[in-house]
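One chain is shown next in structure tokens, namely the form predicted on its own.
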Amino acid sequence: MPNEPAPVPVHTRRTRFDPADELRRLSAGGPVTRVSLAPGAGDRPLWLVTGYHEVRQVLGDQVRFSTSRFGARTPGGTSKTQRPDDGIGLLMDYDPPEHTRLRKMLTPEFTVRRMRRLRPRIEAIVTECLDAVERAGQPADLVGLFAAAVPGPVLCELIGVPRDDRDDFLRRCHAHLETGKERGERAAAGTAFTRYLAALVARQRKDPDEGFLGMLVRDHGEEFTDKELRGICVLLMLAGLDNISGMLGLGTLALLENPGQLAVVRDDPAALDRGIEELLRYLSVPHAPTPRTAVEDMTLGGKRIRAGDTLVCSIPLANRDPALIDEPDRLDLTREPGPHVAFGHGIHHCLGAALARMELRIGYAELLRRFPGLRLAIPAEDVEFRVRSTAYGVERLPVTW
């Protein structure tokens, strides 16, 4: 008999654009709740943090909360757990001072000014994908041809994967992320994917170009190890693919179901920057950042947390907390953006936020300009949602125009 699929963890459950009712009920009991994320699956209880202020408190306090699974700080000092090879360079899994050392060297490569160098290529990639939508004819799947097709080539441009290698590289990367595949297949794809990146780092060491990896090698030389550079590229790919495809697909659906809001950004492209911030807040496609481990005993949201306890912060619920914004369950692209936590908060705030915003701006603007009559080709209730990935989204989005 086929294995039963694992239960969907409580903190990732949604109802269309909203956090699931059971998640809402948990948060109604207070901003910090003791839960089992996958009841019946044998996981141990942890703390689910759902209040906006409490989430910012946890994410913004790297002294009392650790993200590291290896060498995590404890009241008695640092544990001696060895970081495995495939964990090296994964920035979200580092505490200071290691995190500070890596982030300080990486940050200059992700400024708005540096990201603007990629703008012409992002525009070209978006145009190529929309050409493919048009060629496919009506109805066309906007996820397969556009939302999921844009972020991979953009990330390849960023890290410097040669064009001839991209199809194979992205196929392995997607296979590694595909939760429907068997574990062995995913592991094999992941091994091939990271082996390719190791070879790419070695080539950049010998002959650095003007791209992201080449600049890091040129500016910092041996301050980065090869394994750190490889791990940083792995993180960029794994974080960038699902989040951007989720936002482009789910965001388009949200606009199509709210024609008044769609008109706001279609008729006035200057309103799109503000609109994207609202979509990021309202949709909150990342379920949660890396879990934190309490380093000391404390009280948070009225609950007693013990050193060693694990805390998971819910991004969707924090961004729907009235403490952040009035009428948080209403999508309003004209409202003044609030300090949402869709990109996290604190020292682990998303390094690629400027790149993500640029991709979304170019993607939505070109989609709405090219297809002003865009509409769903199926009843809204038949749209399938992506529930078992690292970021929320839609599986397919058949459209006509």
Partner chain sequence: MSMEIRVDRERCAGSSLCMSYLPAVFDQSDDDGKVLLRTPVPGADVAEAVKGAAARCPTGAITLHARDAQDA
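The model shown is predicted, which means the values in this text are computed figures rather than measured ones. Positions refer to the first chain, counted from 1.
Not pictured, yet referred to below: the form predicted together with its partner chain.
- Of the heavy atoms in P372, none are within 4.5 Å of its partner chain in the model of the complex.
- For R357, a non-hydrogen atom is located within 4.5 Å of its partner chain in the model of the complex, even though that partner is not displayed.
- P108 belongs to the set of residues with a heavy atom inside 4.5 Å of its partner chain in the model of the complex.
- Put simply, R69 is far from its partner chain in the model of the complex: not one heavy atom of it is within 4.5 Å.
- Exactly one listed residue, out of R166, R103, K303, H174, brings a non-hydrogen atom to within 4.5 Å of its partner chain in the model of the complex: R103.
- None of L368, V35, I362, I347 but one reaches within 4.5 angstroms of its partner chain in the model of the complex through a heavy atom, and that residue is I347.
- Of the candidate stretches 189 to 197, 111 to 119, 144 to 152, 247 to 255, only 111 to 119 has residues whose heavy atoms lie within 4.5 Å of its partner chain in the model of the complex.
- In the model of the complex, its partner chain lies beyond 4.5 angstroms of every heavy atom of every residue of 258 to 281.
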